[in-house]
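The form predicted on its own is given below as one chain in structure tokens.
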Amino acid sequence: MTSTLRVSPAVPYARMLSVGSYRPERVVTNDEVCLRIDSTDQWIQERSGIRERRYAAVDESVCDMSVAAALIAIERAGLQPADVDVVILATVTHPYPTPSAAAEVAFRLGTNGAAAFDISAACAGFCYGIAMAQDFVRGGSARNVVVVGVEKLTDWIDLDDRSTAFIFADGAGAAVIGASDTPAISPVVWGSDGGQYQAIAMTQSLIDYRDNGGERFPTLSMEGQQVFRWAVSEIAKAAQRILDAAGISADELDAFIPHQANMRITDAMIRTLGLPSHVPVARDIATTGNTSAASIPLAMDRMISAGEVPSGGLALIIGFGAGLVYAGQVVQMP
């Protein structure tokens, strides 16, 4: 006799209940960066749009920043940490291959044993996490999921490297995903181009570092022009596919919040989308630099706090970076 398996009760939709963020205290200007590289404030702003960025303290970890951002998001959602069933942590800068940063964060939050895991999708990590969190909630695997995007890139960049030192920075952002009676997160549009994996990569593996006598610690390297061409040509098209999947047009958006990689990339996507001038656009790279997986939730939280986006408004979010990978969706703002 064949028995019928019991399954978790599903819910029709999921939504973003809240967001929270953490920005390190230390502000680093272009002039300070240029003390170690041959560049100028004017050149950096013209090439990237960056004026300043935040650096975490030496003893401040990926987990520390994650907990700070997640606690804010959980409180704003009207929940207790014990109400969280899953913690998804998107990062490429946790210094331990195992255990996961998410497991430590879930414990420190007081989630009472929530499922926890890290994902490595670089600058697209937060959007990957949102996609998975929505599926967990809708499929009945979880009631509430915390998605954290966090990076401490200053541990993994060469501050004397003119091509990367001025770009990357630190920070954390978090969102809580829970059940909804109405559609509030569109289908994800995502993908990868592993043929260009070396465009953003590490200078060597930790195994190579060990076997070579530890002479040069691995740091992040980037082929800037290659990444720029890919983002302008392919990611702008992906942004349109996200709108199509959501069944809306650009003029129905209340905000455009792309990964904060480069101001010129943002401008190119705006042109390709034909984004109306009344739609607010996140340009947080000017004051946060490129914080990889943290950049979208950081920008999202700031725009909500500043009143630039209404509660319930529709925002197009899209992340893209090392892999090369990308992901995005339209979300209803909390």
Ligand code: UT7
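Residue indices: 1-based, along the sequence shown. Since we're looking at a predicted model, the values are computed, not measured.
FYI, the form predicted in complex with this ligand isn't displayed, but the following is about it.
> To verify the annotation, which of these, 167, 239, 116, 77, has a non-hydrogen atom within 4.5 Å of this ligand in the predicted bound form?
Exactly one listed residue reaches within 4.5 Å, namely 167.
> Of these, 261, 185, 253, 137, which has a heavy atom no more than 4.5 Å from this ligand in the predicted bound form?
Contact with this ligand in the predicted bound form is made by 261 alone.
> Within 4.5 Å, heavy atoms only, one stretch in 128 to 136, 245 to 253, 217 to 225, 86 to 94 touches this ligand in the predicted bound form. Which?
Single hit among the candidates: 217 to 225.
> Using 4.5 Å between non-hydrogen atoms, is residue 146 touching this ligand in the predicted bound form?
Although this ligand is absent here, residue 146 would stay clear of it in the predicted bound form, with no heavy atoms inside 4.5 Å.
> Taking 4.5 angstroms as the cut-off for heavy atoms, does residue 290 touch this ligand in the predicted bound form?
Answer yes; at least one heavy atom of residue 290 falls within 4.5 Å of this ligand in the predicted bound form.
> State yes or no: in the predicted bound form, is some non-hydrogen atom of residue 36 no more than 4.5 angstroms from a non-hydrogen atom of this ligand?
Taking the distances in the predicted bound form, the answer for residue 36 is no, it never comes within 4.5 Å of this ligand.
> With heavy atoms only and a cut-off of 4.5 Å, decide whether residue 177 touches this ligand in the predicted bound form.
No, no contact at 4.5 Å.
> Could you list the residues in 191 to 211 that come within 4.5 Å of this ligand in the predicted bound form, counting only heavy atoms and keeping sequence order?
Residue within 4.5 Å: 200, and no other.
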